[in-house]
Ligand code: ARG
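Shown here is one chain on its own, the form predicted alone, set out as structure tokens.
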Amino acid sequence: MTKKMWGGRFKKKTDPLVEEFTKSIDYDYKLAKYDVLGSIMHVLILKKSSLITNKEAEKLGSALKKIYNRIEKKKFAIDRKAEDIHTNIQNAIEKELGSLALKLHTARSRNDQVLFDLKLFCAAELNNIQGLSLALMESLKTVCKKAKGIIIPGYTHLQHAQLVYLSDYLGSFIEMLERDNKRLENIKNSMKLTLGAGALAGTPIDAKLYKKEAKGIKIEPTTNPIDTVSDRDFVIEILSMLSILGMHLSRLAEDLIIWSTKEFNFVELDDAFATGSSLMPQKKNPDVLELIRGYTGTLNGNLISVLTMMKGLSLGYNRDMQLDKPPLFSSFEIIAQELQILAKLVERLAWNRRVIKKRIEEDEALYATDLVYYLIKKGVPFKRAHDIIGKLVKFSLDKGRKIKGMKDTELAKFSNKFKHSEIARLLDPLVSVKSRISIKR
């Protein structure tokens, strides 16, 4: 293990097993850029509070900017032996500036440092997820335009219900994504970037100095340092939101999986987004969609792991909280990949209009609700109309008779309100979907 940011109170070296067990550098290296940004701001505050000189601030700021540029260019060496990314960066500065680097941690604790870094990281990732989500929405809108006029069976309980436009079906996922984006925005707006918490009791620096802006990022003074270093609500909120978003993507994936089966055959996946079988040469498997569906378990598990970790912690920072990062990083990565893949996949779907049309023609029961309203307009009470159409549909299915082919005398056995010429006009997909005028399009 390389040089630590602590140790004066200890007489013995840390056991290698403990060093390996407690280090976080293997995953918190993702915070490197944000840690440097936080340090640059901290240097400005130290200078303004006269805890370091202007010259010292200039040297520290220059060294930090060099490291930032190296990180951006992916040329900063991550020392896997370091305890964490904060130590890694501190050691890199000390290597360049010597003992001056030891002043950087003045009025600072890793407890509030990591929180600041993590919030900056989350803000950037949330922006990325929002952008990818908007891209998927645009892809869905493109498909809606291409699918204009396609009418499909709508389902409840995975049974034929009523006819709907395919564009309305796809539009439902746009609505879900819009809600998800609002949640993303709310989380971003609720995150407050704070400095000055120290380990848990605050620092000797005047709180007014934290209100200044640096690099376009507004820093607020902590109002309660104990809560500040204890807080991981924002991580839990993000994980919850990503779980909901992942669930929405899983529902889309599930329907496409079902609809691409031979039994449905409503849609075919593009070859670039399917896989084959190592044994059966005819297979075209929706593996991508299955993994999107499967990863909901990981997303939900990531949320539960942090909720469980936090549930029994006493106030103040506890080392358990180090374990918030792997599930958070994991969820961000999963959702980002899923959104990117789905944006391309949905645009390349091939809709089998002929098969869809045939399925609709085979099932007149899809018009049952339209026939109920037909009777209602003739003055029949809803419950009675419901019973009449139920019996008519059962007769049609039992006898293998098409309602559209029944004569007035046959229809009269169910209700004298029926007229074949009117019924025949009603049993049309376009008439059916256009009859629902409550839908704003």
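Everything numeric in this text was worked out from a predicted model, so none of it was measured. Position 1 is the first residue in the sequence shown; the rest follow in order.
Note that the form predicted in complex with the ligand isn't included here; everything after this is about it.
Partner contact region in the model of the complex: 106-114, out of 74-82, 302-310, 106-114, 349-357, criterion any non-hydrogen atom within 4.5 Å of the ligand. Just one of F332, F266, F234, Y317 comes within 4.5 Å of the ligand in the model of the complex, counting any heavy atom, and that one is Y317. In summary, among the residues K325, H160, H248, K192, the only one with a non-hydrogen atom within 4.5 Å of the ligand in the model of the complex is K325.
For a residue to qualify, one of its non-hydrogen atoms must sit within 4.5 Å of the ligand in the model of the complex; all three of S24, H86 and M321 qualify.
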